Ligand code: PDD
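Take a look at this single chain in structure tokens; it is the form predicted on its own.
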Amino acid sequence: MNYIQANTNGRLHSATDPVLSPLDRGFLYGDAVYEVWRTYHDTVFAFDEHWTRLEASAKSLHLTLPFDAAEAWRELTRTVAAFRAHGGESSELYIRLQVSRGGGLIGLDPALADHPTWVFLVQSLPPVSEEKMQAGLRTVIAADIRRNHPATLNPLWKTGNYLNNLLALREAKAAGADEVVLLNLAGEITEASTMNIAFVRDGRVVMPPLSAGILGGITRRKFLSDVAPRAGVETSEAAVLPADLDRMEEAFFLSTTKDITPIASIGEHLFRVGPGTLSIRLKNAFADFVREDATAHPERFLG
């Protein structure tokens, strides 16, 4: 296994070392929030946007974060430095921060927690193979699991409870697919297990709206506000049903760790992939955007 650097409550250690208490509520109940950052050109992408989303998730769970953005940044850079000192690869980085409500007596009552626990994790960013990028991901629609309804565990909250998505992905993997597409209770397409989804129809990009019950992805937001307009591509948000797939020419996922990743198929429906597609043009436009963004934010350069 490639080395993963951890920083638990300020203590630097290998992620394989046992550190957390078995009474931690993140372990017992998934009572936690988290965020994932990545680097482009050794620069942390969209740090402030991810931090703001972490604050919103914590507020929704009535969980108090143990530090502000400035202190979090200091601990992030400490963890990255320790990772590199250990001989961590010089490739782009995956950075995760999880904050749980902490430990205490066993019981659901949040008041039993004594103080929050936090963990930074840093590793080399797992690459998407060039073969997969050209061929696209094979996906299926989950048959047994639906996306959480916003009135239950709202998908807008990035919490430590991913059991619903995990079971859906397990179903897809058992069917031989790379990824899963989840429907909501109304039968509308929402997103994948950890990625937003978009479709290309008549040269325009169509995305399920946040109201369908999806995570408000940072990459999705940057795509809508910056990348697509700069590329001269029109976008819209609208409900997408499985019956609409026959009218979609291309499809792609959007996520922090994989940015824009083409989709080859959803079940029996095939999409255009490879050179010459709008998906690849938009992926290249996204690469141009993050290159310029890294230059514009030298304060987020990790060196």
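Counting begins at 1, following the sequence as shown. Owing to the predicted nature of the structure, the values given are computational and were not obtained by experimental measurement.
Quick note: we don't show the form predicted together with N-(5'-phosphopyridoxyl)-D-alanine, though the next part is all about it.
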| item | value |
| --- | --- |
| Triple contact flag Q134, I260 and R281 to N-(5'-phosphopyridoxyl)-D-alanine in the predicted bound form, non-hydrogen atom at 4.5 angstroms | no |
| Heavy atom of Y162 within 4.5 Å of N-(5'-phosphopyridoxyl)-D-alanine in the predicted bound form | yes |
| In the predicted bound form, L254 touching N-(5'-phosphopyridoxyl)-D-alanine (heavy atom, 4.5 Å) | yes |
| Non-hydrogen atom contact T194 with N-(5'-phosphopyridoxyl)-D-alanine in the predicted bound form at 4.5 angstroms | yes |
| Contact flag, I218 vs N-(5'-phosphopyridoxyl)-D-alanine in the predicted bound form, heavy atom cut 4.5 Å | yes |
| Option touching N-(5'-phosphopyridoxyl)-D-alanine, based on a heavy atom within 4.5 Å in the predicted bound form, out of L61, A239, L28, V36 | V36 |
| Which of 230-238, 48-56, 269-277, 65-73 sits within 4.5 Å of N-(5'-phosphopyridoxyl)-D-alanine in the predicted bound form, heavy atom basis | 48-56 |
